[in-house]
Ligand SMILES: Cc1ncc(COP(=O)(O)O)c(C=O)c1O
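The chain below stands alone, shown as structure tokens; this is the form predicted on its own.
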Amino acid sequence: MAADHTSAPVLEALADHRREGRLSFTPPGHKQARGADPAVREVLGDAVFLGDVLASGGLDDRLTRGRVVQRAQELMADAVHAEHTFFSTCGSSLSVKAAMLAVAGPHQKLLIGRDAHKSVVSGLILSGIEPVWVEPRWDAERHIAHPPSATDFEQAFAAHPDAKGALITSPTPYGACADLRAVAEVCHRRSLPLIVDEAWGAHLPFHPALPSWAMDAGADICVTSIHKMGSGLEQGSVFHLRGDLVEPKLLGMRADLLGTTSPSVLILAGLDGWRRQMALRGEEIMGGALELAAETRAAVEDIDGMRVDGRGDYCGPGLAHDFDPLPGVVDLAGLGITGFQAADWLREHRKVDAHLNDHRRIGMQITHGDDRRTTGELLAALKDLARAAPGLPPAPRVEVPPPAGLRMAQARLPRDAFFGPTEDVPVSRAAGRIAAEMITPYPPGIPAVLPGERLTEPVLRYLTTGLAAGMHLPDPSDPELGTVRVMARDAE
């Protein structure tokens, strides 16, 4: 029987809950806004509190006999051609950890693209999985990483035949996409599963002009952040499953191990509503977003000193397989300013927030939530930035090493380095020592340093010069990077 995508089980149950006027003697303690602070109610509005109910014993009964969330998950799976879907209200950071734990265990190997998000590294620390790093495709001219190729994974499996599977990130936050079908075939020839961190690809299933998404490309597990490129609330994530290489009950158990016992119905409702919106009108909605993005990209190209990274920049031999135009990555090298400077100027002077920012680029993400008014304001702000750029202080130089200089040896398991004896040493004396912490330029959140890697001078210089130029490093124990946490000498 065909799925009824006009239905939204979570939203409908929430409407029933309100209409019935249920009186709750359960959490949450604000009791449908009545106990919330008036100033909070004024800012957030009562609708937030009215939608904040228990998932079981509130939205559904105590035994979840209405199968409200389960039905919503089944509809989501149908919409993206998956066999099973799991909702997460803890973001894709939880979802990707659950996927990893369903494929490999402590001291077992997992092939992972080195351009993975810090949540993947957190999963390694928690699980004790041994990473086998697969190098991204580095563009040395533009200083940007693209996903590894199928050949790269083939070679890694040949060197590590005992690996339990593979994990790849596609799309990247910059919009570069892997040849997922070819990577999946490499895994499946060995009867091993492929996990795709598709956090930036929630929109991909809903328009034929967009790159292929993981489930259609044959991946086994796909993790997607609905809040990034979709209409979900922050922390709204789903992970999908296909095939028989990972047992659904096992994946569910791993997710239950990490997830909250108090899922946010507000976030679940956002996931459910996004699926209905896209299943019914996705191609129309995403088609409009693609047209708007194309117009905006062309207009930015007309601004002196700015150019927009495109398919020709990212795709080709030795680079990415496909390209998503919606991240809208603007190269500022022609203006002689950094993305850090640009992001700060736009926020301060034009009240415009950029997404990505690095030593030469900003990312101005276009989604189906934009229109010609918002993109018009963006273009006006970017033109003002171009006029203001000559008056900005000289751009601090970020010493970005060549691709080979960014790679450091994994001397210890991330878990062993993170939890072992440590000491803090001055950054000037950290080269040669084994890192005991992550150091991650954010956004996009891809660690430059992992626990267990042997630190090198080029990477440390990249981070210290980046910090001086405005790079954000949220996770080291010393945010100013005067010191670095390393393994104690007697533990190396």
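Here the structure is a predicted model, which means the values were calculated and not measured. When you see a residue number, it is the position in the sequence shown, counting from 1.
There is another form of this protein, the form predicted together with this ligand, and it is not shown here; the text below is about that form.
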**Message:** Using a 4.5 Å heavy atom cut-off, which residue among P444, G51, P28, P458 comes into contact with this ligand in the model of the complex?
**Reply:** P444
**Message:** Can you pick out, from P205, G363, P325, G91, the residue that has a heavy atom within 4.5 Å of this ligand in the model of the complex?
**Reply:** G91
**Asked** Among 294 to 302, 379 to 387, 116 to 124, 148 to 156, which stretch sits within 4.5 Å of this ligand in the model of the complex, heavy atoms only?
**Response** 116 to 124
**Message:** With a cut-off of 4.5 Å between heavy atoms, is W200 one of the residues that contacts this ligand in the model of the complex?
**Reply:** yes
**Message:** Even though the partner isn't displayed, in the model of the complex is H321 close enough to this ligand, meaning a heavy atom within 4.5 Å?
**Reply:** no
**Message:** Taking any heavy atom pair closer than or equal to 4.5 Å as contact, tell me whether T85 reaches this ligand in the model of the complex.
**Reply:** no
**Proximity of Q73 to this ligand in the model of the complex, heavy atoms at 4.5 Å** = no
**Asked** If you check in the model of the complex, do T169, S225 and K228 all have a non-hydrogen atom within 4.5 Å of this ligand?
**Response** yes
